[in-house]
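Quick heads-up: it's one chain on its own, the form predicted alone, in structure tokens.
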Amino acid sequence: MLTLYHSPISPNSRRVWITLLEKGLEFELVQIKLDGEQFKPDFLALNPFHHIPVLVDDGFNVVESLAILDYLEAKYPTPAMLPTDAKDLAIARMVKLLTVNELLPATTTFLPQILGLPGGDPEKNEHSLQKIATVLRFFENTLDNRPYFGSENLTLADIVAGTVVSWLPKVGISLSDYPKINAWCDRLISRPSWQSTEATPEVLAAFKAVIQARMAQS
């Protein structure tokens, strides 16, 4: 039995959760509350770097979400979620890495707005907006006439990018200037796997309380 240690507020966790659902695998979810549970000995025994998610497969621990996705694709190749053509595979890899290295860090600048909290540095926000726009333009130009990146079918690249892009309208970043990406995002969020993994108001409220407590201590 596969076991996913995760937090429903985390896009890193969610991309693995969605992949498990899309592949139709049986798995157990174990929620790790980010109020300190990630530093407890039991969890550190799974991942000494105290990050979520962690996937455990018959005693084998896999950390880092992109490595987990690669593991799932290699061990459970049906349905295939990576292209085989060299160009299309490069597209998928680029989209995944740009999401993790460029888009997600820029988006976290707007975490206070996502949670309805005060704060935010206008200069940092402007820099982040420019970076987000650069990534979205790249994605718009990379997405051809197929419904997904480099494929007619959903890929790991779509899942990785989609778990971040779908949050952008929540912080007032419109996708209207990117018609291909806008339509692509609509396709993703209509999927049952997306809807069943959406963070609930209760999850958002709990995470907001954790952030407020940290802000009060700083």
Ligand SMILES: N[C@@H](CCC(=O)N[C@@H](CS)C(=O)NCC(=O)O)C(=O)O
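Residue indices: 1-based, along the sequence shown. The structure displayed is predicted, hence computed values, not measured ones.
There is another form of this protein, the form predicted in complex with the ligand, and it is not shown here; the text below is about that form.
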{"item": "Stretch in contact in the predicted complex with the ligand, which is absent here, among 181-189, 147-155, 49-57, 167-175 (heavy atoms within 4.5 Å)", "value": "49-57"}
{"item": "is_contact(Thr163, the ligand) in the predicted complex, heavy atom dist at most 4.5 Å", "value": "no"}
{"item": "4.5 Å heavy atom contact, Leu29 to the ligand in the predicted complex", "value": "no"}
{"item": "Any non-hydrogen atom of Asp70 within 4.5 angstroms of the ligand in the predicted complex", "value": "no"}
{"item": "Heavy atom of Thr197 within 4.5 Å of the ligand in the predicted complex", "value": "no"}
{"item": "Residues in 57-82 with any heavy atom within 4.5 Å of the ligand in the predicted complex", "value": "Glu64, Ser65"}
